[in-house]
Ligand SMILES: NC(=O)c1ccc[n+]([C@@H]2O[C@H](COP(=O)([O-])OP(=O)(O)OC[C@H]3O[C@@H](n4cnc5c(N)ncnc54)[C@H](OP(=O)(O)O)[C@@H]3O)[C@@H](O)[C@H]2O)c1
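Below sits a lone chain in structure tokens, taken as the form predicted on its own.
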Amino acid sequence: MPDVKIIGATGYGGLGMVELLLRHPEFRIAAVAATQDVGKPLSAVWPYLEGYCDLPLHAPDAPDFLAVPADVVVCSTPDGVGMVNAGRELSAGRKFLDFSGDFRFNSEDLYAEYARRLGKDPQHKAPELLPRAVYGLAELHRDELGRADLVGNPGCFAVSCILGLAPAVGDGLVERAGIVCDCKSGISGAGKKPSPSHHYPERYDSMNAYRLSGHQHVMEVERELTNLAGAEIAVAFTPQVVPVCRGILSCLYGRLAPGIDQKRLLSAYREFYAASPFVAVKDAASPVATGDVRESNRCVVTVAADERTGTFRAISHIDNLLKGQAGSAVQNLNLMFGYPETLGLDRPAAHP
């Protein structure tokens, strides 16, 4: 039974890991850490966990936390934390999975461009580790994840866009130029840290677009699609926040390639994801909503070929905290340790 240590256990991503691992038949939570509430049980910070996870919170760099034996460390923190912890954990023989952008890119130049988009220090603190990191989107990197000891979990918007576009781009069903990603996320995607713009009176009954000058997740989307197409792909990406708790709805548009109709589009998507248990492909006539993936690790993609206008459409639905974060992380851990990727994750969405 592999032991897991979680850094950043009190945030939404860390909590998602705790919830999933408590139900997992193989992994065991060995220790939890956070920068606040050190010494308190995790269940004192989040009372709904009382009796389920009463482990004390350690400081991430405290000797007592570092001394706890583990097989893998999950770092559910903002950018900049994973890169200063990964080397030490890998040297100790542990695997390392990071939720931030620290290990999503395999070169210093790409990381620097990503960091600049966030206004952060472009200098990576562990550049020697970047070439060994695997991008944690299981549907595209299943084999590499099975051999990986260092994984960069993907961004939530990136998951929805890449899964929604991969078959179309990879099979040449859509023209390479002019792809549009129109994406809406629930407010939990901003994390639990309070801010004026996320204050309830400001957020209720209000929607907005943001980072129109360049969202950081675009880099992941364009890199993965470029790899699939064998030629450079650029997308127009518009992220938006809508007044719901969780969920991402990505409306993805482009020009249909010549001769592509609805039957060909649907067949290609179903064939592409035939071995991907967490991706469901729906015809344009099927009603789908973000509620159909709430609290699940599923991505439901509706595909539609508008032959009248020559427009390609794919509508991707995920739970940003599960398939967009903790669910993908557990799926990756399963593959890293040789378990079926569905283990501990194969359950339906929660309703209502």
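Note that the coordinates shown come from a computational prediction; the quantities given were computed from them, not determined experimentally. A residue's number is simply how far along the shown sequence it sits, counting from 1.
Although not depicted, the form predicted together with the named molecule is the subject of the following passage.
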TODO: Spell out, yes or no, whether the shortest heavy atom distance between residue 76 and the named molecule in the predicted bound form is within 4.5 Å.
DONE: yes
- [ ] State yes or no: in the predicted bound form, is some non-hydrogen atom of residue 9 no more than 4.5 angstroms from a non-hydrogen atom of the named molecule?
- [x] yes
TODO: Give a yes or no for residue 36: in the predicted bound form, does one of its heavy atoms lie within 4.5 Å of a heavy atom belonging to the named molecule?
DONE: yes
- [ ] Mark residue 320 yes when one of its heavy atoms lies within 4.5 Å of a heavy atom of the named molecule in the predicted bound form, and no otherwise.
- [x] yes
Task: Contact residue in the predicted bound form, chosen from 142, 192, 132, 203 - any heavy atom within 4.5 Å of the named molecule - done: 192
Open item on the list: Can you confirm whether 167, 279 and 313, the three residues that make up this candidate site, all sit within 4.5 Å of the named molecule in the predicted bound form, judged by heavy atoms?
Closed with: no
- [ ] Given that the partner is absent here, state which listed stretch (221 to 229, 171 to 179, 150 to 158, 256 to 264) has heavy atoms within 4.5 Å of the named molecule in the predicted bound form.
- [x] 150 to 158
TODO: Counting only non-hydrogen atoms and a 4.5 Å cut-off, give the residues of 45 to 60 close to the named molecule in the predicted bound form.
DONE: 60
